[in-house]
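Only one chain comes next, encoded as structure tokens, the form predicted on its own.
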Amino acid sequence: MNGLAFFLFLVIVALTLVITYYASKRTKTTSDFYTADSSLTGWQNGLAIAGDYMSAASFLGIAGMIALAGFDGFFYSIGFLVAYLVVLYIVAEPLRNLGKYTMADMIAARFDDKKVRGVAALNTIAISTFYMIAQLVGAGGLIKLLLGLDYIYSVLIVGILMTVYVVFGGMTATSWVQIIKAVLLMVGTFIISIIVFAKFDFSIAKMFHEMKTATPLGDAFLNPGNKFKNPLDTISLNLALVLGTAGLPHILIRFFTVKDAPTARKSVVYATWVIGIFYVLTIFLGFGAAAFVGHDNIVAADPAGNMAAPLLAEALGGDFLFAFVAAVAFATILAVVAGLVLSAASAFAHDFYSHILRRGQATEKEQMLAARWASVGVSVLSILLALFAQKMNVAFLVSLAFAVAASANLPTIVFTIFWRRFNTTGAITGMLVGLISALLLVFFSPNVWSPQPGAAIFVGEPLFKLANPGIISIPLGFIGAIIGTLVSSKKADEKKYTEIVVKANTGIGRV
């Protein structure tokens, strides 16, 4: 066990619990719990979005993916960053103007139908759970490396902590944990990147030249095709990454934590700058790990490469930098999983319990209680699923969550705002077709099935040959929404659509 790392772990946990304690005193109403009473400023929410988005996949997964697969790993950095253009230009402003607490609120602003709200809540819970598995896998590997604890106990520790943050602190605690984590992560990444760059005499040309001989891949390290042999897999991955962010529930609910649409737009701009700088720096993390830790050492610590960044910190800065980076990675995971639990709990308590089961008659106290119990339920489910995904790269796991989000949520969000003829049947069909097709394709893919024992969860030949379902499931989501609309006998409410367009673009009549 690394004593210094364990101490910094305790400091991070203590700091976040103090934040939760003070936030719990301010969390009195459902508005406080779901959206921090829309009290965050643009820069605060921008940092919180960045903190929510720069997950274990970004810090642990991408560094490992670049170190082991070279150029192919950088696809993740590009896709995650470009995705924010879709969020900025299509989703952020209409979502803030039309919604109140959850994504389902936005869709329900046009289609006041219990089925629509119920399916939207189901999507949110499914996507949040999928995304959370990746974070818990990263946490399990990290704590196992640092403290020598078994993977199962590591996952349980993180699961308990994330539940405590959400149950007691709500969105206020979650936001401030994310803001502090974003600052710490940027500091840690910047320090490592500068040290790596210094090792190459601050020369980009020298760095790229030396990387040709630094790994077993040789010259191929700098070329595409090391991980993604099939071009369709590459296209599928990038489609999922670029379009998926605009459908991620834990990112979408962040736009309800500010007072209006202009502030939501500002927060996306702040977040994009922070995220952009971070993803550029992932090149130094990946190259540094490949050059100074080595392929064999990275794989020995974790076959999927998830521990490349902490091992690089240890190689460059000894125990202290290793301990600091590991503690930051732990804070990263805690911040993201808290946001994920909150988005899933909000969907259950606000959309399913309050609007469907109680038909809008639930009191604030009953909603808060339902949200807290939902937080516990989602945490337990995610922990159980994470126990089966131990050997997968976390960046890769997250890309699957992005594919599900882009397939299930994005078509309905886009058509709700931009298609006059879109109706209730189209919304339900689009969400269900996108969700079910994405989940089924993941289940029948090489991620779950492999002829080689131990390479996947089940032994056998995969029916679906692509690793990421995005290239099939995303178009299916859009097609399902279109066909559902066209074959339905229900007519679109023209007056309602006109009202939605005005409200989405101006905020007039916003709750």
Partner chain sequence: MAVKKQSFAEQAVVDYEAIAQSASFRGLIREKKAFIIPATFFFFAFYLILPILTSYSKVLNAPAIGPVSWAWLFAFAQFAMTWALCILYSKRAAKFDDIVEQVKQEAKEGGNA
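If you're wondering where the values come from, they're calculated on a predicted model, not measured in any experiment. Residue numbers count along the first chain shown, from 1.
What follows is about the form predicted in complex with the partner chain, which we do not show.
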item	value
Contact segment among 79-87, 138-146, 176-184, 121-129, judged by heavy atoms lying within 4.5 Å of the partner chain in the model of the complex	79-87
Candidate spot 74, 212 and 242, all three touching the partner chain in the model of the complex (heavy atom, 4.5 Å)	yes
Residue contact check: residue 17 to the partner chain in the model of the complex, 4.5 Å heavy atom	no
4.5 angstroms heavy atom contact with the partner chain in the model of the complex for residue 204	yes
Any non-hydrogen atom of residue 292 within 4.5 angstroms of the partner chain in the model of the complex	no
Contact test in the model of the complex: residue 11 vs the partner chain, heavy atoms, 4.5 Å	no
Sole residue of 276, 303, 317, 377 within 4.5 Å of the partner chain in the model of the complex, by heavy atom	276
The unique member of 222, 440, 356, 191 whose heavy atoms fall within 4.5 Å of the partner chain in the model of the complex	222
Residues within stretch 239-272 having a non-hydrogen atom within 4.5 Å of the partner chain in the model of the complex	239, 241, 242, 243, 259, 262, 265, 269, 272
